[in-house]
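Okay, here we've got a single chain as structure tokens, the form predicted alone, with questions on binding and movement later.
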Amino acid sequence: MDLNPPIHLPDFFIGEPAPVYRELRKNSPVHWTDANGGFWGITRYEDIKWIASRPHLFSSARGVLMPGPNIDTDEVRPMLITTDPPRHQAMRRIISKGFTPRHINAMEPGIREIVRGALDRAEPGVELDYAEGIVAPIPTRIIADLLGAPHQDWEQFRAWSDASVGSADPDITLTSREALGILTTYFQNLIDLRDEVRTNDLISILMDAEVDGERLSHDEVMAFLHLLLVAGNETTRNLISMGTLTLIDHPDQLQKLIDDRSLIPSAVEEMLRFISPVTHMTRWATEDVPLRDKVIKKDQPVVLLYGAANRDEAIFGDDAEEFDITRRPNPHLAFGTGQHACLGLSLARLEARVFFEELLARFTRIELAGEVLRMRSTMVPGIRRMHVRLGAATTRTAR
């Protein structure tokens, strides 16, 4: 197998990367690629955990995106995801106030109402664009609630979010820079409204937050709002759409889930592992660091390939490349690990669980009804279009 795979290209991620990952884990787990100025690709689970837990050796401050032609590491905005300790922990404590278990649990009735409203658009036996028409509105409306923004803005949110991560996709007309400018204006309007009247939404929490006795800067608040929109929208949308596609591709597992819906939480964890909606995060070496038989030089980028780690045979066994909704334990890295593990992981899990509970309570058959169109992105290569036909409604009582 070619040990110089194009892991810098969107087409690699929307293809079938698993065989390449397997070969890299075995023969070149710390792999140098010359493309885009050069970067290291890390594929073994334990190596990724080791790097992610050492922010003093591997910094996030120069950005977390894979090096590419449109990535400028000299203009990285200060935000939670690009901040190293100790400021990172201080910011994280503040923002965590919007993601406490109590706060997340309180959101479940509202999330269920949004999911039910989306599923009401599906008629049994009628083909529909499942990704665009059913799934896409859900996370954007939930984020709108978190931010205190009007629900009717969800369509704009999605367009701006897509442009932020899918600039390589020819169907996206906005550039990431244009999307950022539009978002900045939009969020500024929301902030101006909160200047007049504080509410209990996340924007109000951020505006009143202090780190070491100082308020978050205007740029930090803006950057976090942008991060929340992209992270909360793209990852959850693709988890649900690609999770559904994975169930369709594994009819035995779909039937098992239909027969016993108490398996939904473990099925969601297996979807996260098997799909890995976020393909990677990048760190930058702060000094020369030996790793296995290589030396990562100071200032070199290191790309943590979560999809490869989540199929690592050393952790998940000989069936690591099989999709098994009963898998336990399942210590996947889909939400990252270390200092920068995803802050919104509980919310993402809740959204996915509620969605599949409501979906399978209504429909017992899910079939593809056309071609699946993927987004061309190296970080979140999700599903743009997926036509599906849902089977007859069921009147069974949920378990």
Partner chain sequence: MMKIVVDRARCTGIGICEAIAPTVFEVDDDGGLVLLSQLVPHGVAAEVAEAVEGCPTLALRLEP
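Residue numbers count along the first chain shown, from 1. Everything quoted here is computed from the prediction, not taken from an experiment.
There is another form of the same protein, the form predicted in complex with the partner chain; it is not shown, and what comes next is about it.
Contact assignment for the partner chain in the predicted complex, among 298, 87, 97, 177, heavy atom within 4.5 Å: Comparing distances to the partner chain in the predicted complex, the residue within 4.5 Å is 97.
Heavy atom within 4.5 Å of the partner chain in the predicted complex: which of 360, 373, 343, 366 fits that? Just give me the one. Going through each option in turn, the one that passes is 343.
Segment assignment from 99 to 107, 128 to 136, 141 to 149, 253 to 261: heavy atom within 4.5 Å of the partner chain in the predicted complex: Single hit among the candidates: 99 to 107.
How about residue 93: is it within 4.5 Å of the partner chain in the predicted complex, going by heavy atoms? Yes.
Is residue 29 part of the interface with the partner chain in the predicted complex - any heavy atom within 4.5 Å? So residue 29 does not count as contacting the partner chain.
Heavy atom to heavy atom, is residue 53 within 4.5 Å of the partner chain in the predicted complex? Within the cut-off, so yes.
Do residue 337 and the partner chain come within 4.5 Å of each other in the predicted complex, heavy atoms counted? The answer is yes: residue 337 has a heavy atom within 4.5 Å of the partner chain.
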